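Only one chain is given next, in structure tokens, and it is the form predicted on its own.
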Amino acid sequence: MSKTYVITGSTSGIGRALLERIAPESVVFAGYRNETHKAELESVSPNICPFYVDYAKPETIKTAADYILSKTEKIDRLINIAGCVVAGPIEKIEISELRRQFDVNVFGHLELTQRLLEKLDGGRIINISSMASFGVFPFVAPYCASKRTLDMLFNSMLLETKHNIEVVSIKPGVIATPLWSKSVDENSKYFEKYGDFQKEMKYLVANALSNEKDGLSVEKVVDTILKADTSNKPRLSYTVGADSFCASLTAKLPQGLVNKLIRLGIKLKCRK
């Protein structure tokens, strides 16, 4: 049976792979941030209705929601994928960058959801969170905090709402997506300000580029999304990858022990 989907972050990585899997048989409202991608999305399938939204520009959210609401009477699935990574030592990251992290990864998704909620009644929200939601990974703490907040706010909404909706969180581990190189490009202009942390930033960049090359295939995440999409009784949370499962276990350990292990790991990694 055909469904109506709304997918944010649909131009690359997980979103693009998911789009290609579901568009042949369903109506898909596909979010894009760069105008050059609109025609490309339309060429994938006649079932795709591209819409522009940039969560770093909150004024675009209402326009996007109004467009979607004007084109459909019902939304079966809202899949929140769009995201970014703000990286660096917390003591030096500009507060404006922290705000941008939460605007893109949390507040944008929440506002779009609020605006679409009436037509989501009886439907399902699937959020692409991260294994970062389970704990703090040094020098990407803004990203970790944003994913944890995303999970907490949407779970609270599930508990509070009078709408008939379901909420699912997908928590991938390291996945081979363009998000890694994009994050390096977006953050590299700030790294020169972190003079006391050059070894750590050098490792951070090398690790990000390695993750983009060696991470799990995006298809693994897409398979899990589709499992949550089609299940009659989906779980509230799914991990994807052994590293995400291990992060879920590590989160149960005493924080003091976890901190000691992480500090040791940083020292060893930065010596290489």
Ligand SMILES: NC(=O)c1ccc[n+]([C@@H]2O[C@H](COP(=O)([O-])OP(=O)(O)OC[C@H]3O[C@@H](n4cnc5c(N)ncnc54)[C@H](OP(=O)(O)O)[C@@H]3O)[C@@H](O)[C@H]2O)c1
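In this text, residue numbers run from 1 along the sequence as written. The structure presented is a predicted model; accordingly, all values stated were derived computationally and were not measured.
Omitted here: the form predicted in complex with the ligand. The next part is about that form.
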*Stretch in contact, per heavy atom within 4.5 angstroms of the ligand in the model of the complex, of 33-41, 65-73, 199-207, 228-236*: 33-41
_Touches the ligand in the model of the complex: residue 56 (any heavy atom, 4.5 Å)_ = yes
*Interface membership of residue 173, the ligand in the model of the complex, 4.5 Å heavy atom rule*: yes
_Contact of residue 182 with the ligand in the model of the complex (heavy atom, 4.5 Å)_ = yes
*Indicate whether the ligand has at least one heavy atom within 4.5 Å of a heavy atom of residue 104 in the model of the complex.*
yes
*Scan 143, 194, 154, 139 and let me know which has any heavy atom within 4.5 Å of the ligand in the model of the complex.*
143
